[in-house]
Each structure stands twice: as C-alpha cells, then as structure tokens.
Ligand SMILES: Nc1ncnc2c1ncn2[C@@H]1O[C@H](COP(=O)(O)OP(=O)(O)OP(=O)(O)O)[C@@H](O)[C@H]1O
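Let's start with one chain on its own, the form predicted on its own, as structure tokens.
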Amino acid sequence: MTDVLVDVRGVKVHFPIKRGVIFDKTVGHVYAVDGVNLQILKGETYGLVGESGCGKSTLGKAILNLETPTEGSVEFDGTDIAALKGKELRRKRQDIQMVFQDPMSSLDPRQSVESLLTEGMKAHGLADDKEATRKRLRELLSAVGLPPSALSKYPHEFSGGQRQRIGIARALSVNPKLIVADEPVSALDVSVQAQVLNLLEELQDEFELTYLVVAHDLAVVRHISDRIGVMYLGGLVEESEAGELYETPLHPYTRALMSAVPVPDPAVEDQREQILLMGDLPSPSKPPTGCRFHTRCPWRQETRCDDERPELRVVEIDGVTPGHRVACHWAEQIAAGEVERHEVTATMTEQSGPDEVDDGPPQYFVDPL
C-alpha cells in the first residue's frame, strides 16, 4: 500500500537475563515484544494501549531502532530501519522523532531552550544560516504556544506543560514525518493534558505529521487516535478504528479494559458489563504457553487456549468492519454468546527450582476451569 508509512512485521525484542560473578551466563530472556505485526498509515494517529509491562514502550523504541529488534523488520517509508547502522541510521532519524514521557528528565537542565532546539538541527545540517535558524526557532515556539523570550530560559524555569511543549518543539525542529509520543501527558496535570493533546492535533494538520501515541490512559488514546492497537504481554491482541474498538471490543482483555473505564451516568454504570481480572500479569520472562491471556481469561476454554497461540486475524462478525483484527480463538463464539463467561479465582504458584530465573514474589494466576 502506497499510504503505509510504517510497516512492522514479526518484531521481537528479547532482553537476555544474565547471572554470574566472573563469567556472565545467559539463564533466560525477557520477552518484552514477542511477534508484533502492525501498519501505520501516513497522516494518521495510531494509539498503542495496554497495562504497564505489556511492551508498548519497547515496541515504540524498536520502531525508532533505539532498541534493536531481536527478530523482524521495521520498514519506514520503504526503508528497513532495523537494518540501518551508524551514519545511515542517524540520517534516517531526522524523519522519526520522539516525545518522551517525563518532560523534565528528557531535557538537559544545563542547556537553554535555544540550545536544546538547535542541537538536532545542527546534527542534521539544518542550522547553517544563523538568521534562518533564529526565524525557525521563533516559528517553532509560536507553533507550540510559547513566546520568543523562552529561547534564553532553562527547563527548570517552566511548568510541566510548558516543558512538554518544548519537547514537542524539539521533535518538530528537524521536520520529521513520524513522531512517537511515549505517554506524552501522563506526567502532566489533568488540566494541562487536554491542552497538550489539542496541540498535538493542531500540529499534525499544520506539519502533515504521523503519530504513534503510546499510553495506558484509555481516555487519552480515544481522544487523539484514528486507530488503536491493544497490547498484552508482548503481543497485539486487538486492532481497530478508535470508535469501533470502544463500541465493540471483541477480545476478552479489551473488554476488561473497557469495563474499567468509568461512565458518568449512574444508570448506565450499574447496568453495563463489569469484568474484574483476577491474578497478576504473568512475568514476561516466563509467558504462558498458548494464548498469553488464558491465565486470566473469563472465557477460557479447555481446548486451544492453553497450547495454541492465536494469530491476529480479521473476524467475521455482524457490525464489525474488515479492518478489525483480534487475536482470540473464540472471538466469534464469544460475540454470539455461544461461549459463556465463567467465574475465575486466583491461585498461588510456587517459584521454580534454584536453576531457574527468579521472578520475584509468588504470582497469582487464574485457576483452571
């Protein structure tokens, strides 16, 4: 497809777990991202949502090659980013920029705003003309709603929302095509979050940008995204247009997430489906076999769920568009009411032997049927 900007195919990011005093020995791996396929179209905002530890931030970094994928390919505008190194990778990063979660730690406190904004421009040869550079800096500050006097100030002199605006201006300074925003408003006050989100939408139209927004706040993702992907334990479990995902969630995990979003109507809140997930999120160093969600799933079945990992596929369900993909063996049957929801209880699982990887305190998983 000519309108595909980012094409992620089979991406895995595994971190080795090493142990030893003199010689490090690899005793296991953390499967942070374990086989993800997705596409981001030009000019759209793709939201990536999931609970902490699901691998969404690692996937965002893998797309920028800040984390080198263990397997798979990331094609950006026809070029495999994962295969680039050295100068070629640095040149390509002009087209892909990132807005980080914490606006204070992502800005060097010893540099002025002018120095922060021109650093990337100099690295890519965009700051040779001093007068044109000063004009560009003023335009960037105006675009993000800051006065020209901010150029001489330092990060500690600004509020959290203003610092995030500086981070956005820094990302825009090199004229990127794609911006990966990792939790762009989670560190901000609620009153400031809407301002930053609206700013991102305005800048998208003005600079013809494409966004990958990584977040765990479902309200943020719904507000800004055109399409949404839901991640669980290193893999995508559902993908759909934003409106349809909230109206018709199909995967049991997505349904549980949606049921946790409060509705400001007592009558609706009392009558809607409530799904309370039991047990802890399994360790990414020892993911469950089969469907990763089967240890907590209220619709788990005795066949396929435990030993066969479902593929992210298009389902044929009335009222569901062809672009709606779900990684569940029983999505059609659950939607039709043929598979009934059952009660689940959490049971403690003991740690493995001394030669196994220590994953911390005992975890609680869903009891079998």
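This one's a predicted model, so the numbers in the text were calculated from it and none came from an experiment. The first residue of the sequence shown is number 1, and the count goes up from there.
Beyond the structure shown, there is the form predicted together with this ligand, which is absent from this document and is the topic of what follows.
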TODO: With heavy atoms only and a cut-off of 4.5 Å, decide whether residue 30 touches this ligand in the model of the complex.
DONE: yes
Open item on the list: Even though the partner isn't displayed, in the model of the complex is residue 280 close enough to this ligand, meaning a heavy atom within 4.5 Å?
Closed with: no
Open item on the list: I'd like to know whether residue 47 contacts this ligand in the model of the complex, with contact meaning heavy atoms within 4.5 angstroms.
Closed with: no
TODO: Spell out, yes or no, whether the shortest heavy atom distance between residue 114 and this ligand in the model of the complex is within 4.5 Å.
DONE: no
Open item on the list: Counting any heavy atom within 4.5 Å as contact, can you tell me which stretch out of 47 to 55, 316 to 324, 34 to 42, 337 to 345 lines this ligand in the model of the complex?
Closed with: 47 to 55
- [ ] Look at the candidate spot formed by 15, 183 and 284 and say whether this ligand comes within 4.5 Å of a heavy atom in all three of them in the model of the complex.
- [x] yes
